[in-house]
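Below you'll find only one chain, the form predicted on its own, shown as structure tokens.
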């Protein structure tokens, strides 16, 4: 009996190292972050002044938090449209062989290539493309007689955040497309053949076969995309650092500014807790809404 009990514990012995690592590097820091958010302190003066939930009440009166969350939400909505829906459509078109194999392979490589570039390289490159005087976009607009459409793309409050979001879609839509291609290739070809025999066109096959059978991949991609949109920091910091006049500020960017520019570590910890709660709830909601009902 004792031996049987020990055998039942064997799988947990293999899980124990991972659980220890996750506890030390993930769960414990989350708890510590919440603890430090209850104090007013700085990196220079390590004295902890207990203020309770004052940092959290400050969040509700901080206009930059509201602006940052709006930009994060905008970032998430546009990213889901392009990195999930558009990427799925492109993947379905390529797998339906609507273009010749050579051009299909070339198209995949062209779209996938940006995802392997470093964020700093992408940010600096697009800064040059967006330049109002010598940038490629404005030069093309002037060349075709659309001078009125030229903008200081990263220097105007109305275009800065959209310009950055466009760069993000350019970089990641190809990566998402490749993942959807893998999911579509796992669908039995007999289903498409039967649909064609029954007279279903490409659009009907897409909505009645492809979309339902890549549901799990769509759920994963949506979850990752939304979480990434709320955690985004690097591309914005490289391109605008949240400017002009906080027009492209996001929560991660504002958190960094509060912590390492303003040296308000307690408030930054409260913002980090807010970010954690938002991403956790979004993940839970999406997993709950996307449950398939399959039993393992």
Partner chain sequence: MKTAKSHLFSSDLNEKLNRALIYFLFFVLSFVALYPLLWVATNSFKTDLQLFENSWELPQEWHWENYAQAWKYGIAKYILNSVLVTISAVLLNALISLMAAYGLSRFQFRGQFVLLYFILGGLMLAPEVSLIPLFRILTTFNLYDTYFAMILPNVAFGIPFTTFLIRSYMLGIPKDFEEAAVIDGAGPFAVFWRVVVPLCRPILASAMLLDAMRVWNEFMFALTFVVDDDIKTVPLGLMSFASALREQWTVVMAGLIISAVPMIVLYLLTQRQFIRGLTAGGVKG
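What we label the rigid core is the largest C-alpha set whose atoms superpose within 1.5 Å from one form to the other. Residue numbers count along the first chain shown, from 1. Remember, predicted model here, so these are calculated numbers, not experimental data.
There is another form of the same protein, the form predicted in complex with the partner chain; it is not shown, and what comes next is about it.
Using a 4.5 Å heavy atom cutoff, 30, 131 and 238 all lie near the partner chain in the model of the complex. The stretch among 187-195, 218-226, 205-213, 147-155 whose residues place heavy atoms within 4.5 Å of the partner chain in the model of the complex is 218-226. Although the partner is absent here, residue 103 is a contact residue: one of its heavy atoms lies within 4.5 angstroms of the partner chain in the model of the complex. Interface residue remark: residue 255 is counted as part of the site for the partner chain in the model of the complex, having a heavy atom within 4.5 Å. Interface residue remark: residue 49 is not counted as part of the site for the partner chain in the model of the complex, having no heavy atom within 4.5 Å. The closest non-hydrogen atom of residue 288 lies beyond 4.5 Å of the partner chain in the model of the complex. In the model of the complex, the partner chain lies within 4.5 angstroms of at least one heavy atom of each of the following residues of 124-160: 124, 125, 126, 128, 129, 131, 133, 134, 135, 136, 139, 140, 143, in sequence order.
Residue 241 is not among the residues whose C-alpha shifts by 2 Å or more between the shown form and the other one once the rigid core is aligned; its shift stays under 2 Å. After superposing the rigid core, the C-alpha of residue 56 moves by less than 2 Å between the shown form and the other one. With the core held fixed, residue 260 shows a CA shift below 2 Å between the shown form and the other one.
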